[in-house]
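There is one chain below, alone, in structure tokens, taken in the form predicted on its own.
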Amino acid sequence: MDSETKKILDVVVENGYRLTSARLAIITALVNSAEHVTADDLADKVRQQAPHVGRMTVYRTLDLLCELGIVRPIYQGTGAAHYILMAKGSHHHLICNRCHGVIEFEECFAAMLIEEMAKRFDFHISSHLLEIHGLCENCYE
């Protein structure tokens, strides 16, 4: 088991939730997903390894992981929510309004603004998701 999966499992247990075989299968599939994944896509991936896990269990587990701040839903203009892991505490996207392409970037150009907001509102920030919408270079032409 990799360290990212272990950290997520620890958060689930520390918050008083049982670590069921279904939750373990879902979290493992989520961590092993290279891209943003919809709930339905995740359910399909989980069922390949654990056929006993139902679609509704995947949905309920995603709701729990969102509540715990482990994942966040993003909406890329495609209708269905895509889920992303917040293991690093932040996630950044440029999203094209026309083709719905997503460009991810690691650098947090908003770090100073986020720190200033935390001070101004006396708020402890545990994570952030930055989405900037516009047109990609292909659609802008």
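Throughout, we count residues from 1 along the sequence that is shown. In this text the structure is predicted, and so the values were computed from the model without any measurement.
One more form of this protein exists, namely the form predicted in complex with the DNA; it is left out here, but the text below deals with it.
Asker: Check whether residue 90 has any heavy atom within 4.5 Å of a heavy atom of the DNA in the predicted bound form, and answer yes or no.
Answerer: Residue 90: no contact with the DNA in the predicted bound form.
Asker: Residue 60 versus the DNA, in the predicted bound form: is there a non-hydrogen atom within 4.5 Å?
Answerer: Flag for residue 60 set to yes.
Asker: Taking the shortest heavy atom distance, is residue 40 within 4.5 Å of the DNA in the predicted bound form?
Answerer: Yes.
Asker: Using a 4.5 Å heavy atom cut-off, state whether residue 19 contacts the DNA in the predicted bound form.
Answerer: Taking the distances in the predicted bound form, the answer for residue 19 is yes, it comes within 4.5 Å of the DNA.
Asker: Each of 52, 56 and 80 near the DNA in the predicted bound form, meaning some heavy atom within 4.5 Å?
Answerer: Judged in the predicted bound form, 52, 56 and 80 all sit within 4.5 Å of the DNA.
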